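Single chain ahead, written as structure tokens, the form predicted on its own.
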């Protein structure tokens, strides 16, 4: 990963603007999941660290824009750029990171470049769908999963596919792996938003629902409730939750096994991903670790 961090630092330095360099140091690096994936799939290709750096810049840019849209004050437990520097600066920093990433991306062969570029279009489309979905309670599982694929899974899918192309491996198999990894990873995150505390999350618990996001546990709960319960859940959507309301939601989720049902789908997706790359023990291990995250 040191090679990736060095490439990221070089790309930021090449932007040649001290303000960007300073602001970028404020961003938490996170898990670097996409970069690690690229290095594991194409460990011997000299261009893999650069591809990983490009994808991480794209991911960072998307999070900057995401925080502005959500008016989020925290990102990974620290103040977001829009909270400290304002939304205009956060948007412009995201635009600069996107632009630099695409400037470097054109140096790769056409199929690899198109794979990453198309995922950014899909990611942006997913972000817009997410915003529209927050306007009212969504109880449609398919609509939610379609949005989740676009917003979260496509860049991971593209990273896996592009690195497979780089290493002359079966791109379709690795694309399936990346897609399902992205979906199952986000479903687990959705679960943790409900079951973990603020100190663990780096943001308030059940914050997704307060922001208007109807994730799978809420969709499954709505499906299981009677008409009166459905109305109560819908009325709480996109509003600050009183302690009594949070307790009611969690109790009902426990009663109807909404969390367990969500986790089962994450496991199903994870198992499909493992099957796609069953001979690659390191990639299988990533999924096994991810699916075992405590909830």
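Bear in mind that the values here come from a model prediction, so they are computed numbers and not experimental data. Numbering follows the first chain given and starts at 1.
The form predicted in complex with farnesyl diphosphate (FPP) is left out here; the points below concern that form.
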item: Farnesyl diphosphate (FPP) contact in the predicted complex: residue 149, any heavy atom under 4.5 Å; value: no
item: Farnesyl diphosphate (FPP) contact in the predicted complex: residue 195, any heavy atom under 4.5 Å; value: no
item: Touches farnesyl diphosphate (FPP) in the predicted complex: residue 237 (any heavy atom, 4.5 Å); value: no
item: Residue contact check: residue 75 to farnesyl diphosphate (FPP) in the predicted complex, 4.5 Å heavy atom; value: yes
item: Listed range touching farnesyl diphosphate (FPP), judged in the predicted complex by heavy atoms within 4.5 Å, from 217-225, 79-87, 121-129, 103-111; value: 121-129
item: Of 35, 58, 41, 266, the one that lies within 4.5 Å of farnesyl diphosphate (FPP) in the predicted complex (heavy atoms); value: 58
item: Heavy atom within 4.5 Å of farnesyl diphosphate (FPP) in the predicted complex - the one residue of 50, 241, 69, 259 that qualifies; value: 69
